[in-house]
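You are given structure tokens for the same protein chain in two forms, set apart as structure 1 and structure 2.
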Structure 1
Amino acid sequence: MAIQRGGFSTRLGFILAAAGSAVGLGNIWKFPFEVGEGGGAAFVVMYLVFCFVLCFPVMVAEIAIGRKTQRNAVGAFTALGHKKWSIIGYLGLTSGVLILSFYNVVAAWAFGYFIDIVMGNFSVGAEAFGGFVSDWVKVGSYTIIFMVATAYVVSHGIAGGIERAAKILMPTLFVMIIALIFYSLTLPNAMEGLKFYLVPDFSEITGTVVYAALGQAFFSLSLGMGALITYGSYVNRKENIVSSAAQITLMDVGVAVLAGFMIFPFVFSQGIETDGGAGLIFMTLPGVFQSLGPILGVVVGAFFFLLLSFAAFTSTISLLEVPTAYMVDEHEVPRSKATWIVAAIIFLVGIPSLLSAGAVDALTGFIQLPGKESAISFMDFAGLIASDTFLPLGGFMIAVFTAYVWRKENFNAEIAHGDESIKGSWLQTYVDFAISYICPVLLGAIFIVTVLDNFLGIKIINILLG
């Protein structure tokens, strides 16, 4: 007897869950330091353009494939009669497992900082951060807690687990961000931070900045890994896919943009460099919170890292759902059993990433790539493979499949379910054009540049664009 898959009980539940899949550390942790390193507002403008020009059409395609087939990221292509193209699903499945294996570790850092700050330990500076992340027993414990919590939600199904969690987590996330924005705007030099963030200086745009904005847009929307194919498979045929995709994109972009309103007033209030990378969050901001005093610092700091933990949690849920749905659909394993088996495997896969933050030297300096000044960690290498390389390749293949294999007439017929008015509209014309030409070209370019730059040491982006 076939296992019941379940589905989203409401349109709002789907939108919040899919937005939660997109919203994560990439918005609150990665986006602000990408903006800082990319020169501020000019990066933000490009990011917003790329989210809607490049990412929105791919998102519509992924949801449409999932809803049409009612199958997971691998089985969907077989259900459409193109079994050979299941390689896209397997690529996404591999990406999701690898990303969750190290993403869960970074989520544990955020959760661990929340616990430490509540206890009055602000872990200020690079040395303190290094000591924290290299304590594999402590971080490993937080990693287990995070994975168990994620598996608990996913094991309870779509409506009873993922949708219910999204309806709590996403509104809470927005409330927390807005509360921290209001506080950050009261700090000295907050307006200078907003000026940096909102007033573009287009002279800052280089080829590297354009490439970073493209990559950040695609990564932040969780495309190319099968998550939205999987979520789309639980959507009612009467739902408006295009409208839903637009709202999901707006929510994701909204959280990223709001994160900038929160972070840069904090940064400028303390005269901190804006190009601090990941350290902007984990090494620098704890010092900002500490300077607020023993009570206010604990409250604001703990609130911030709890927010970061919530954002991570919404993404770990969707990342775990992809391989879980594969086990349920393709191997008919009961959902609860499939969830806990997959979660255990992913935790084990993540152990090298856990140990690569200073606990084991061979994993901390895991590999020396051409053109890199120093060896990178196992975690960074896993991210380079899964996030930077596999995701744009997966997105490229989804665009090509949708436009030229499944074909646009079938794609358009699917998205017309729930919204007949889209037939012949300018929006349909644009999505068709983008999925046929813009998305394959740009995503193919991202993939090629990533391979040349990171694995061959050829800085092609600087050669072409300066």
Structure 2
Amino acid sequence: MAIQRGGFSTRLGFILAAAGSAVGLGNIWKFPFEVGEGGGAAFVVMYLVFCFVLCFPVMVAEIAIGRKTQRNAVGAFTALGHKKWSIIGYLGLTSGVLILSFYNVVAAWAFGYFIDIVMGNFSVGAEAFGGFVSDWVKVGSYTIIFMVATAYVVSHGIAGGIERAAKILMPTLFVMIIALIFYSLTLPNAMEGLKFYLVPDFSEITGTVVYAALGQAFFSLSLGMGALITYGSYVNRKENIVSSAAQITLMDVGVAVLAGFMIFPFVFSQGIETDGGAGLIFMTLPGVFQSLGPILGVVVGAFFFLLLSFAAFTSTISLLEVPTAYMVDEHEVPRSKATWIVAAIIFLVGIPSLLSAGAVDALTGFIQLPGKESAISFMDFAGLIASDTFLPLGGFMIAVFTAYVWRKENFNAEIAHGDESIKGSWLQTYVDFAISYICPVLLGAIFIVTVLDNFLGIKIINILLG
């Protein structure tokens, strides 16, 4: 290999970095508003089923492909001798660039709320949120700060940059969330919030809810775009992939579920509508914090938005790592140069998202899709394409590739490499079966539903459900 790639120094380092990638805005910002829009607990049930049944096997496959080849998301397929299939990697790069382009903007909202609260300004409610996000100069400045910080870590490589950041940030995050749950449960109407969150009403399930839950599962677990192929490529071949993937999945799902326990009591205690969309936590939480009084409110509020920024940070790092590793491996660009070039491009790609939260009307009401009631913003459109459409498509292709092109014998041999005890275990048997049958069939079917529903306005599931 022409260029020294580096790698994780310990198994824990890998698991924390991968969990750091998984745990992010997806868990704390997106999951609650998707639950809110998807009708509550019924969405939660579907999301959980998708995470464990469909996503977990894809995660094992991604890590195995990465570890076997020690290559980036594109090069991995070529290294396995299937150059044509590197189309999966290119799709992944596209998804990654698109996702990071708007993810950074939302991370900037979180960071901006942190700064505002430290200064004693609580942006309470929908109007304040609207005012905040449409101030593109301010949000744009925070977006640049976030991107520069991310690029700084990624340019320092794996053990020194990514692993070190994750080891500090992840445990801090857990402690912060637990503390806020205890607080939220003491508020009036907390039980109403828990009921919405925990008692399913299955009549709420529509086609839109099904693919939103699947897209959320992929997005939250950082799957379908080669992020875990890339992180897997830095893993030592002695580690047990299946148990690592299980731990990452459990941590990610755990944080999302905990985030729900934290947010819904807050939402209900404030009497706010649950279907407020992308602004849900930003509209809800400052009011809660403000009600704590000037000192405690600033402390708890700043603590929360700092937490959210941390969580976002370990994810933006992994998002930036995917195209960076591609440039380093495939084009032999030195890591530092690759990082800064890619970061600059992604920032530029993100400008329409930055301007689509109220600053520019044509971007705020960007497109009217046949399957949607009203026009959606550029940012929502990018999310719909990248996370709800491309990620599950990528997952589908990875499953098909693993089972039928790379072949199960090779996949299973890579899984067993490092830990023979996995052979014949129920988890391995399940992964094997799921990657061959359950994932291709269900992911393929849901992909078709998504495309028909969003882009052609044909509501298949609603028709099937009568």
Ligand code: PFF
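Here, residue number means position along structure 1's sequence, counting from 1. Quick caveat: nothing in here was measured; it's all calculated off a predicted structure. Here the rigid core means the biggest group of C-alpha atoms that line up within 1.5 Å when the two forms are laid on top of each other.
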(Q) Given these two structures of one chain, say which is the form predicted alone. (A) 1
**Q.** Flag for Gly207, CA shift 2 Å or larger between structure 1 and structure 2 after aligning core
**A.** yes
Q.
I want to check Ser353: does it shift between structure 1 and structure 2 by 2 Å or more at the Cα, with the core superposed?
A. no
(Q) Quick check: Phe268 between structure 1 and structure 2 - does its CA shift reach 2 Å or more after fitting the rigid core? (A) yes
Q. Superposing on the core, what C-alpha displacement does Gly38 show between structure 1 and structure 2, in angstrom?
A. 4.3
Q | Per-residue C-alpha deviation between structure 1 and structure 2 [Gln216; rigid core superposition; Å] | A | 2.4
